[in-house]
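Just the one chain here, the form predicted alone, laid out as structure tokens.
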Amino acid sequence: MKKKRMTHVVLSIAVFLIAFPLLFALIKATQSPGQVMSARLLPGTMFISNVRSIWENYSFYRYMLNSMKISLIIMFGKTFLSFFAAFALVFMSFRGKKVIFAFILVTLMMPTEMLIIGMFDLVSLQPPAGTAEFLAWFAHPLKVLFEPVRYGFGWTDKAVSVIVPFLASATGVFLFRQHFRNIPGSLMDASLIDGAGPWRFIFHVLFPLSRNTVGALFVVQFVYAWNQYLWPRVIIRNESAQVVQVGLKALIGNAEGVEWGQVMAGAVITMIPPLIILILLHDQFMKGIALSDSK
């Protein structure tokens, strides 16, 4: 019994230390400008006022809407593409499957910071004026070799510039592949014998068996997309199209005269959408992300 109590004490202390930054931000978000810079850790009465101020003066709702739209599209798009990529790698027969999967895993070692220059050129440069101009460039191997990113998509200041580069997910493909490998291949064979094609097998058999993994990927990809800062900061220059994490930086502005109560209120509001997604998909997330002994 004593050992169990000590375990609970240690776990309680660990939970408090992990949750303390959130509690601190929540308390400071309720305080007035005079209280927020003090050591006072008692809740105030300014939370609604701070939220109203950033909502009206900084158009914070616009950043929230931009991030919500981008995050939902990335969440559904990444999960959809990962699902079908893993289906091909597990249930389809073709040469080079292991090599392709190895290349997919290699992309896990390439963070956005490493690829950001090439991504910026590809996304921001203007496309060729016509097919003839592109073919004239492509017909010279040396130009293609030494100037591989001669043309781009011209997506600067557009939401698509933040969405498309992140629709592929090596993590998602890996998780779905590991999950699909635990599903007997005889299920697909039986479905084909019964007259069900690959699409019917996917939507009537494979998808219902993969709901937990899908829910887990929904949570992971939404949080990842919601927390993007560096790439939107680089590729989007129009403030009205920016995401919420960059919008938080706008609340700070210059070091002088920063309303830290409003900044903390913005940080608290920013946590709400990912928290809602996690609460709604909590069971699927816990079941889908956990790897059993057989995996």
Partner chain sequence: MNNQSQYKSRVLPWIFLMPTLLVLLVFLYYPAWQSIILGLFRSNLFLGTRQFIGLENFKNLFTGPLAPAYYQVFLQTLVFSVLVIFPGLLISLILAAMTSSLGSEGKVYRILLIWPYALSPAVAGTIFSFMFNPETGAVNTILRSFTPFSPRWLDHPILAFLLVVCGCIWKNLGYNIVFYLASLQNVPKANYEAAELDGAGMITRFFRITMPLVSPVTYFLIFTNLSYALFEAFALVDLLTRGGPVGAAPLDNAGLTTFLIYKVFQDGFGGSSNMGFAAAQSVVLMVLVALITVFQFKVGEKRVHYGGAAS
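Here the rigid core means the biggest group of C-alpha atoms that line up within 1.5 Å when the two forms are laid on top of each other. Residue numbers count along the first chain shown, from 1. The structure presented is a predicted model; accordingly, all values stated were derived computationally and were not measured.
FYI, the form predicted together with its partner chain isn't displayed, but the following is about it.
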Only one of Ile48, Leu42, Ile252, Leu65 comes within 4.5 Å of its partner chain in the predicted bound form by heavy atoms, so just point that one out. Ile252
I need to confirm a contact call. Of Leu209, Ala129, Met114, Leu135, which residue comes within 4.5 Å of its partner chain in the predicted bound form, counting heavy atoms only? Met114
Does Arg181 reach its partner chain in the predicted bound form if we count a contact as any heavy atom within 4.5 Å? yes
Taking 4.5 angstroms as the cut-off for heavy atoms, does Thr270 touch its partner chain in the predicted bound form? yes
Counting only non-hydrogen atoms and a 4.5 angstroms cut-off, does Thr156 reach its partner chain in the predicted bound form? no
Although the partner isn't part of this model, could you tell me whether Lys2 comes within 4.5 Å of its partner chain in the predicted bound form, counting any heavy atom of the residue? no
When its partner chain is considered in the predicted bound form, the residues of 43-61 having a heavy atom within 4.5 Å of it are none
Any CA movement of 2 Å or more for Phe207 between this form and the one not shown, core superposed? no
Cα displacement of Phe180 between this form and the one not shown reaching 2 Å, rigid core superposed: no
